[in-house]
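Here you'll find one protein chain in two forms, each presented separately as structure tokens under the names structure 1 and structure 2.
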Structure 1
Amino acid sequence: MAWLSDFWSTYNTLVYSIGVHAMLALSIQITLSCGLLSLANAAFMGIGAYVSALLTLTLGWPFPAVLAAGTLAPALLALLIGAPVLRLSGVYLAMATLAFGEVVRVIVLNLEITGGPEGLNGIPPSTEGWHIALFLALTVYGLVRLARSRVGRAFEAIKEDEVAARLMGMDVDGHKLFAFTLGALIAGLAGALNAHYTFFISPREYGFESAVDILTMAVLGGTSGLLGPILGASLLTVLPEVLRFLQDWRMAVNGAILILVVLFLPTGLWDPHRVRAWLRRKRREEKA
């Protein structure tokens, strides 16, 4: 088993990143499933990372406590800004949430306690592989249950036709706020876990590029189910390792991938409806 030990020592950070990025892709899939194009998830991740790291470095809080704080802080902020921001829709909502992310980044850049542009270094490496695996599994389980519940069906109805959902008596604003807050909560948890295995965080990690990366992960994999965002996150995390010679062109490559997917696979690499249709066609061909 020496090869396994060598593999883990070389690629453990990559495996950790896949798990964290999968959680981030799922966090934006929630808002997309409710018809919300929000680009605030990178900012929520940054808030979770900085809150948890600062509580660890300055107050010496234990790891479970800082995880809880890093998870709840962006969720509470999402509750506060959600009511005014979610009155917008489409590209206007995307612009507003992107502006919110830039505001958060600039604030972090100019605060002494956050280390300014230098970021925070020396964060204790408390996150282990089983932490990420456990929280990713719990996230998937919770979202599967949510999708099968009345709330999940309401999300789909709002996404398909918001006006019709209102006429049916659904609390559209409440459901949107819940999706927005839940996405922030998962992104904050991912940020807290990430901060405690990378040892170092800086404002550069939570800006516009990260917001686009998270959206690309979800769109690439497909937002019709939960497997799609996980697949997209895995591919876009591994791809830079495979294409290291294109490191300086990472954003261009991600943009090209996004354009190709939108043009040729608008529902993403994994679409449950497309898979079911293919299986039904295969069965009919076998019977014939």
Structure 2
Amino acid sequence: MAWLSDFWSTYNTLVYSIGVHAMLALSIQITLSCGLLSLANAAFMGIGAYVSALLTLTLGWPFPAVLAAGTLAPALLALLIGAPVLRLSGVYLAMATLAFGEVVRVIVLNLEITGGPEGLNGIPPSTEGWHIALFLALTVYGLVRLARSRVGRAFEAIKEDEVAARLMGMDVDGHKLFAFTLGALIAGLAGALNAHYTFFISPREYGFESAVDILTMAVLGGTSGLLGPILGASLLTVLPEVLRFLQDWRMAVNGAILILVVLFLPTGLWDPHRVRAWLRRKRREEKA
């Protein structure tokens, strides 16, 4: 078992990162499953991280309370800005949420209490591996239940054809707001967990690049199910570590993989339909 503890002491932050990134990829998958291309989740993650870290550092709140606050604060904000923002659609929504993310980043960069560009230092590492595993499992369980519920089916209908959904009497705006807020909730939780194992947070981690990274993970893995985003998040987190020997060139591999997947696997790496079709074909071959 010595190798296991060696492995853990070297790679535990990597495993933590996979868990947090998986939650983030799932948070954008929810909004995508309702047909919304929102790029605000990095900002929501940042708000969760800063709110929770500040409550820990200044008020000394206990960890569970801090987590709850870091989860609810971005969700409340999403509820507030959701109504006006979600009137936009497609590219315009993507741009508006990007602009929102930049506003949040620049505000955090300039406030006294958030430590400005230096960020916050010395956050106690309260997050443990099982916390992340537990919350990731809860998220997945919740989303599986959601997908099979009336609300999940409504999301799908809105994604496929918004006008038809509205004509059938569905509360399209309400469902969109719900998806947007739920995404913010999960992103906030991921941010709060992340802040309490990295020791240090800064505004740089929650900007444009992170927003794009989160989207990339989900799309790379495939957004038609829940396994896809988790797979994409794991791959994009592990890959730079595996490719460390390539030094400055290692990100080029990330970029190339992204392009190849977009070109040749339009539905992402994990597509339940493709896998099912493949299994069916295999079974038929076995019979024959």
Partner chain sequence: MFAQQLANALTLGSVYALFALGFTLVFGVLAVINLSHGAVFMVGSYAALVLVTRFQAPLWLALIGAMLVSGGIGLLVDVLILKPLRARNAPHLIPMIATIGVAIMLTSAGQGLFGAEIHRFPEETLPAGELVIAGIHLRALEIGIVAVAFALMALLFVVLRRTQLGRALRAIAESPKAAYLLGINVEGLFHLTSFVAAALGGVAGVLIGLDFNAITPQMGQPILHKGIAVIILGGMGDIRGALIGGLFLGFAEVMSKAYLSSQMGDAVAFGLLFLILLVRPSGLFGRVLERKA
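Rigid core: the largest C-alpha set superposing within 1.5 Å between the two forms. Just so it is clear, the model here is predicted, and its values are computed rather than measured. The first residue in the sequence of structure 1 is number 1, and each one after it adds one.
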{"query": "Chain form predicted together with its partner chain: structure number out of two", "finding": "2"}
{"query": "Yes/no, L260 Cα shift of 2 Å or more between structure 1 and structure 2 with rigid core fixed", "finding": "yes"}
{"query": "After superposing on the core, C-alpha shift for K282 between structure 1 and structure 2 in angstrom", "finding": "2.3"}
